[in-house]
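Alright, two takes on the same chain below, each alone as structure tokens: structure 1 and structure 2.
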Structure 1
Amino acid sequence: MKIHEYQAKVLLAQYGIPVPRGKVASTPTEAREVATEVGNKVAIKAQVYAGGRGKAGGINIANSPTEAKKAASQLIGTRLVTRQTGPEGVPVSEVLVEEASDVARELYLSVLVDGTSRLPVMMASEAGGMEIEEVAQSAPEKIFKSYIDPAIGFQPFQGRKLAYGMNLDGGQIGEATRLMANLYRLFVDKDCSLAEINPLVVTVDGKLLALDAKLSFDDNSLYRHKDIQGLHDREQEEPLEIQARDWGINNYVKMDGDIGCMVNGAGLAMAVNDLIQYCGGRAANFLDIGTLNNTDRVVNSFKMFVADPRIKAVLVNIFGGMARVDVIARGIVEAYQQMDIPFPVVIRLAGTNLEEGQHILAESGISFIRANDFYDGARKVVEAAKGAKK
């Protein structure tokens, strides 16, 4: 789960990490008030989950409270299109107004869990301000890493190694070491999946400051962080994905095609989408229906498809294991009873309670295209979608 920059900075400050003075504003008038409070030159930063704000015009400098109000009015209520968003962009409903800093150097700092060593790793680089992936490509020697033993936590020697790696000196070494220890403490306390400060700047007077911050959290641990759950901004998510979650379908991702897919299991759902593309079609979504005890999620998946005007045909591909085929079949029949299904539906069923499931579909008299296997299902749904276009 992601949160906004201003929320991340509040958390950083709670953990003793220096951040610029500032506050969030949701109206231009509020922005002017914050600018007056902060004084002098301020940065007006659009609060969106997507990166690449600077280049997209989402960050502006204002020299007076009046300018701050004007800059805020140009952002609030608009949609920001960055290289990380689609052409429709993401809504800006708040801006962070903060003291503009005089920057001498831009550094990079982050903590995440490394999949290979299965340990948290602190990464630092003097090449801040750019994506760490780009640095890894162009100047890998500038990235320094310290793997952290969870039993003893982050140690001062690790901080010194990274601080010297970033070419800091003098009192900055101790300051940076403490900052890193605090960032690790935050990472562990709040079950972050990523805690990134980019850039971590050295100001012209030699102080360290977290100029931008990105925190994201492990979805699996949110149950023990009620404070973090409340920070989520639904408006930043894809509307179809919000709708899916509201209907109990947690594993739904919007794709850009026109074939609706309902599958059980994440790997199988990905493979179904791959196979549809191989057969010349494009999936409109990834949908892993998970394990079912009732038919609700099947009916709701059909509601999703009916509500999505892009859908030309639907493929249901179920290999029953934990999920039982008869429950899925009953759900499909209920969906047909509850709504008009305006597109062809291809159904492939296999696994636990297959015969019962097939019997339920046959008895119901609903109209659908039966597929015998995985490949057959993909081929038939691509044909059906093409036919529907005519």
Structure 2
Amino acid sequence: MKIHEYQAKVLLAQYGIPVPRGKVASTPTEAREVATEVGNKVAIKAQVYAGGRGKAGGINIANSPTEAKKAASQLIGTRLVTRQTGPEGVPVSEVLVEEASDVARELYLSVLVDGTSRLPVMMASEAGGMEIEEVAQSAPEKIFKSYIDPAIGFQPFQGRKLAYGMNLDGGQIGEATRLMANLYRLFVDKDCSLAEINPLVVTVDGKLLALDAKLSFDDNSLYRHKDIQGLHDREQEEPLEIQARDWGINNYVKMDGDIGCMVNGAGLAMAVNDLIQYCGGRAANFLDIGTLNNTDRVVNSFKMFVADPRIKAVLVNIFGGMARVDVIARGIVEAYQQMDIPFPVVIRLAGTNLEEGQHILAESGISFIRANDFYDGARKVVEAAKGAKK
């Protein structure tokens, strides 16, 4: 789960990490009032769940409260399009109005979980203000990492090593080390999947300041953090993905194709999407129904397909282990009974209770395209989708 920058900065401040003075505003008049309160020269920053705001016109400097009101009026109520949003953009309902900082240097700092080592890792770089992926390509020698043993936590020597890697001077080493320790404490306490400060700036008077912040949280831990749950802005998310969660389908991601996919297992789902593209088509979604033996999840998956006007054909590719094939088959039949399915459906089933599942489908009288194997299913659904376009 993501939250807005202004919400992330409130949490950072609670953990002793310095942030600029500022407040969020939902109207241009509020933006003028905040600018008057915090200082004449302010930054007006669109609050959206996307990076690349500066290059997209989502961050502007205002030299007076009047300019702040005008800048806010140009953002609030619009949709901001960045390289991370797609052409439809995301709505801007609020702006963060904060004091403009006199910046001498821009740094990068983050904590995340490294999948290879299965440890938290703190990353730092003197090349702040850029996406870390860009730094990794253009100047990988400027990225420094320190892996953290959860049993003992982040140690001061690790902070000093990273601070020297960012070319901080002697007077800033201790301040940076304390800041890193506080960021790691926030990361652990709030069950974050990412805690990023980019840029972490050095001001002209030599102080460290979190000029921007991004926090993401492990969805599986949210039951422990009711306060964090309340920060979620549903307006910022894809409506189909919200609908999927409301229907109990937690592993759904909208993509840009026209072939619906229902699969059990994340690895198989990714392989299905790859094979569909290999066969000349494009998947409309990533959808992993998991291993729960529940026909409702199958029915709700079909509801998602019907609700998506882009869908031209659907591939059901189930390799049943813990998820039984007969339960999936009953769910498919129930879906056909409950709604009009306006597109061809290709079904490939394998695994536990296969014969019973095939019998259920055969006796149901529903019309579908049978696939013999994985590749056959991908090939047939691409053909069906192309035929539906004619």
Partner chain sequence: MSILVDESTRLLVQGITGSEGSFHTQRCIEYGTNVVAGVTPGKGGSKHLGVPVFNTMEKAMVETGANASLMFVPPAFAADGILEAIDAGMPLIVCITEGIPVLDMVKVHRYLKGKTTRLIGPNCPGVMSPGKCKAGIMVGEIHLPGSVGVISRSGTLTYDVVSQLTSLGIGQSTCVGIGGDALPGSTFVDILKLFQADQDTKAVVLIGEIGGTMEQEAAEFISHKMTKPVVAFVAGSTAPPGKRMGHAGAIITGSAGKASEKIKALSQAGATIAPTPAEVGLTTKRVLDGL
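Note that this is a predicted model, so its numbers are computed, not measured. Along the sequence of structure 1, residues get numbers from 1 upward. Here, rigid core means the biggest group of C-alpha atoms that superpose within 1.5 Å across both forms.
Of the two forms shown alone, the one predicted on its own: Pick structure 2; the other is not the form predicted on its own.
Cα displacement of Ala124 between structure 1 and structure 2 reaching 2 Å, rigid core superposed: Shift at Ala124: 2 Å or more after core fit.
Post core alignment: Ser146 C-alpha displaced by 2 Å or more between structure 1 and structure 2: Shift at Ser146: 2 Å or more after core fit.
Shift of Gly86 between structure 1 and structure 2 at or above 2 Å (CA, core fit): It does not, since the Gly86 C-alpha is displaced less than 2 Å between structure 1 and structure 2 after the core fit.
Per-residue Cα shift, Val113, between structure 1 and structure 2 [Å; core superposed]: Comparing between structure 1 and structure 2 after core fitting, Val113 shifts 2.9 Å at its C-alpha.
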